[in-house]
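Read the single chain below, which is given as structure tokens and is the form predicted alone.
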Amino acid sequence: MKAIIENQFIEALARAFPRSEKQLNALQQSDAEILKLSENGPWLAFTMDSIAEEIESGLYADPYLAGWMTVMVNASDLAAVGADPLGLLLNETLSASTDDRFLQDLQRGLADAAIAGGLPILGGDTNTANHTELSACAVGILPENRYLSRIGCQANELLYASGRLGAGNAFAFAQLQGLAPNGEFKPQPHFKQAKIIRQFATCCMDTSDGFIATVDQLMRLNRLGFDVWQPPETLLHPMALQIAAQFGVPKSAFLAGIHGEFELIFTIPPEKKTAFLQQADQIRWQPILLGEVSAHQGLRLNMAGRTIRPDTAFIRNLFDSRRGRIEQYIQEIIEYLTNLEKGA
């Protein structure tokens, strides 16, 4: 399979780093880092993520949303490994020109998200610079001394999503076009769902970079493929369907873009389906059955009754190869997917 620019960059950065003998996961294998503190003690999950490009580009112009997302991008990684939240360390780098209203809304977004995710803010750091950047390190515990990784699925297992897909890319498209989307983009923590997923799933990853990037990474690590048979009307979030119809954007674009919706993608053995759904029903959660794992590498999507086979490596590499030229990236991804859906 064609190499992924982001993966190569991460591997180059980490090549010379020392590694803890207590760490259980290898590079790229899980959404959070897993440490085994002792033979009988608990396992801990650590993750760190930042909100910088999103603020600089104007995507998160709303300070409340920037604060909310700073917590949620980290909460999503913990949920993807099946961890229960312990807390969060926060870094706020703020512009010297930050006004009181911006700061109040930002802190309110951080606090509301921390409460929603059960991630108390344990401490952190503040800095002043010419830009605003927010980052956090979240910590979780794995009470059963096991974790979910991106590796482990088998052919013929069932592919699920924790919720409908495409809301993140729909929000990004609307925001960058100066439009008002029909709905609010506000990802929620998935810790309740993760407690169930960790009992049944063979692999799991969050959609922080979009659905296609997620399944491409899982395909590479497991050397398998995915057949997604659900139609767009079942698969996609209403916000994505609305914008696709209003602006003539191919529906698959909302699966392909790089701004995810922070849902969980996971695989369940068929024989565990009934027990899994029974537990999901107890918390009034309706996971979406997307399709199944295929023995043949590659992604197959059902778009308006046609099966398309997108080049997932091309899609993942396109943004990095355009070096941040967002308008060019949007134009090219829409053109590629339009032609693909039409069979051109």
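Everything quoted here is computed from the prediction, not taken from an experiment. Throughout, we count residues from 1 along the sequence that is shown.
The form predicted together with a further copy of the same chain exists for this protein as well; it is not shown, and the discussion that follows is about that form.
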Candidate stretches 165 to 173, 134 to 142, 229 to 237, 258 to 266 - the one whose heavy atoms come within 4.5 Å of a further copy of the same chain in the predicted complex: 134 to 142
4.5 angstroms heavy atom contact with a further copy of the same chain in the predicted complex for Ser20: yes
Exercise: Met219 in contact with a further copy of the same chain in the predicted complex, heavy atom 4.5 Å: no
Close approach of Gly124 to a further copy of the same chain in the predicted complex, 4.5 Å, heavy atom: yes
Contact flag, Leu89 vs a further copy of the same chain in the predicted complex, heavy atom cut 4.5 Å: yes
One residue of Asp62, Asp311, Glu292, Glu33 in contact with a further copy of the same chain, assessed in the predicted complex (non-hydrogen atom, 4.5 angstroms): Glu33
The unique member of Ile115, Ala245, Leu179, Ala155 whose heavy atoms fall within 4.5 Å of a further copy of the same chain in the predicted complex: Ile115
Complete contact of Cys203, Leu299 and Tyr329 with a further copy of the same chain in the predicted complex (any heavy atom, 4.5 Å): no
Contact set, 40 to 58 vs a further copy of the same chain in the predicted complex - heavy atom within 4.5 angstroms: Pro42, Leu44, Phe46, Thr47, Met48, Asp49, Ser50, Ala52, Glu53, Glu56
